[in-house]
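In the form predicted on its own, a lone chain appears below as structure tokens.
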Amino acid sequence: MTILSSINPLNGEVIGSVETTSPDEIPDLVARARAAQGPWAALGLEGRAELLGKAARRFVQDAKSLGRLMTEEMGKPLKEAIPEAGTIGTGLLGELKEIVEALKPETFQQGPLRSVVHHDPFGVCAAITPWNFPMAMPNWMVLPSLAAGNAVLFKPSEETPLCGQAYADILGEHVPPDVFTVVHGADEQGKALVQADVDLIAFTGSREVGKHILRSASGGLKRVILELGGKDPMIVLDDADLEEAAKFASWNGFRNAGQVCVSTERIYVHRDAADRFEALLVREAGEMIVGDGLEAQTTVGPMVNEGQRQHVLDQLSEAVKGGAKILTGGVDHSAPFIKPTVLADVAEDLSISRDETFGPVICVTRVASDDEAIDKANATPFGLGAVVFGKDPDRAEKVARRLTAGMIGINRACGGIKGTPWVGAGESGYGFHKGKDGHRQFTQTRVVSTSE
């Protein structure tokens, strides 16, 4: 028996452990899931939704303890962790209702001809989830997959196995045996799941791992849903509300220690507004409080592990050596933290300009025109989210429509309102989540046509 220990990133203490799943067990787990999937699918949409919906109350009741577990396991401030858990509960029944509506059969009539579009389960889904939102992201993949009638093998990140298990214990409480199975481990278990006899792979994580999954899945033409992070830009036009733009940039760039797939990592600001915007952003960054996520005043907790922290430090070091100007933050960072940092004059050929940072660092670049801002914002293989700040709605929307990201916010975050998909473009996304179209990603579409 191999044990996977969970480490508190704040102090290095072991807070718990789980038994890892042997890769040799996974084919049998998949076979058992496949055997259980048929009866689960036979319950029908409403029947499955009713069982899954029973978990809502527990998520709400246990939000504080689940939030504390998140903070201790990956460092997220408690003020962010508790809502992550609680929102799963308060939104569960509504989400299930939306899924049921999205997956109901649709009938099309043309004279005596009738076609019915069905959204059927694929069979067995492997859901491989990240550590930065250790309960919300599993819910994005597991809930629609189960509601659609699939059986699910769920591998939470090896950084947050306790959060993953806690989520599964609550959601799976009323689900039949073998329909929802947790697989614990790291790369070895993930590769075994991808190579197993599954029908669908849902993954959120790095672009490199996503490409590997896509290659591995191609042999059997398995269906794949990938969200692969980003290098999100923000464009600040010369007519923008600079106070609001700076507040947003600081919040979106530094929350969860910058460990968010749609963190603002690059800002392109019109040169006429740059001096004031930079000063405001430095002020906002200086008001962020770095420390133990369990402390009420903390807004930026520790990095999840030393490897991720070192990645950010390496990018910072290269940037400074390459001539980048430190506006705030700097290079003196006490482990396990990284202070919110703002850089200017960053060369475009450096890693911090091209590659995902996933830490509390923002690079600010001055531009002379809207066209230059758009060209620089689009100069990346990523395309998850983007933001435009400007007071002229027509101008701001014209800029937004020329950005290659899948989601663009104007004077707000990039995510859409309820019912819209969470979608990436370029190398940030392959398939998508949420909304009617996102829920249908977890199903096989079938058309049955008859004549009267």
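Numbering starts at 1 and follows the sequence shown. Quantities reported herein were computed from a predicted structural model and do not represent experimental measurements.
Just so it is clear, the following notes concern the form predicted in complex with a small molecule, a form of the same protein that is not shown.
**Student:** So which of Val117, Val331, Leu113, Ala186 gets a non-hydrogen atom within 4.5 Å of the small molecule in the predicted complex?
**Tutor:** Exactly one listed residue reaches within 4.5 Å, namely Ala186.
**Student:** If you check His212, Arg271, Arg354, Arg283 against the small molecule in the predicted complex, which one has a heavy atom within 4.5 Å?
**Tutor:** By the 4.5 Å heavy-atom cutoff, the listed residue in contact is His212.
**Student:** Using a 4.5 Å heavy atom cut-off, indicate which stretch of 343-351, 127-135, 247-255, 287-295 touches the small molecule in the predicted complex.
**Tutor:** Stretch 127-135 is the one.
**Student:** In the predicted complex, is there a heavy atom of the small molecule that lies within 4.5 Å of any heavy atom of Lys191, even though the partner is absent here?
**Tutor:** Contact with the small molecule, yes.
**Student:** Contact between Trp40 and the small molecule in the predicted complex at 4.5 Å, heavy atoms?
**Tutor:** Trp40 lies outside the contact set for the small molecule.
**Student:** Any of the heavy atoms of Tyr167 lying within 4.5 Å of the small molecule in the predicted complex?
**Tutor:** No.
**Student:** With a cut-off of 4.5 Å between heavy atoms, is Asp178 one of the residues that contacts the small molecule in the predicted complex?
**Tutor:** So Asp178 does not count as contacting the small molecule.
**Student:** Quick one: in the predicted complex, does every one of Phe203, Ser206 and Leu384 get a heavy atom within 4.5 Å of the small molecule?
**Tutor:** Every listed residue reaches the small molecule in the predicted complex, so yes.
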